[in-house]
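Single chain ahead, by itself, as structure tokens, in the form predicted on its own.
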Amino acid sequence: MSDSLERLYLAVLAARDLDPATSRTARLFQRGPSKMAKKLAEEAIEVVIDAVNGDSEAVIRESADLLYNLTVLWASAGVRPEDVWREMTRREDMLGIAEKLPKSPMKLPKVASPRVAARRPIVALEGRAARKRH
């Protein structure tokens, strides 16, 4: 999958200077980061709505739109896909691939070398009760 996002990222970079009248990507770059962020948020909401409604085909389509808009925003912010992959690897080394870094500080296990340390197993999250955050 990272190869697909890398190709998309390179295509976005190539299209940013095209004619905004004919290129959606160039038009987003012309309108700036605020418009890019708005489009990304709209696509994320559409994915959520379609998932809640159980429309997996729509989730697939909207997820592709979400990834496109995320890639455009990355390019605008000077973020490269490999920067994101590096962060994903760092998090996997600390917490396991199926975990998100906590918002509040927590004690993490001390690891001599991130790549040498044993990784936590992938944790299945299905069936766990959702807890509200306050």
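This structure is a prediction, so every number in the text was calculated from the model and none was measured. Each residue number is its position in the shown sequence, starting from 1.
Keep in mind the form predicted in complex with a small molecule is missing from the figure; the text below concerns it.
Q: With the cut-off set at 4.5 Å between non-hydrogen atoms, does Leu8 touch the small molecule in the model of the complex?
A: Yes.
Q: Looking in the model of the complex, any heavy atom of Asp65 within 4.5 Å of the small molecule?
A: Yes, contact at 4.5 Å.
Q: Please run the contact check for Asp50 against the small molecule in the model of the complex: heavy atoms, 4.5 angstroms, yes or no?
A: Outside the cut-off, so no.
Q: Though only this chain appears here, would Asp93 touch the small molecule in the model of the complex if you measure heavy atom gaps against 4.5 Å?
A: No.
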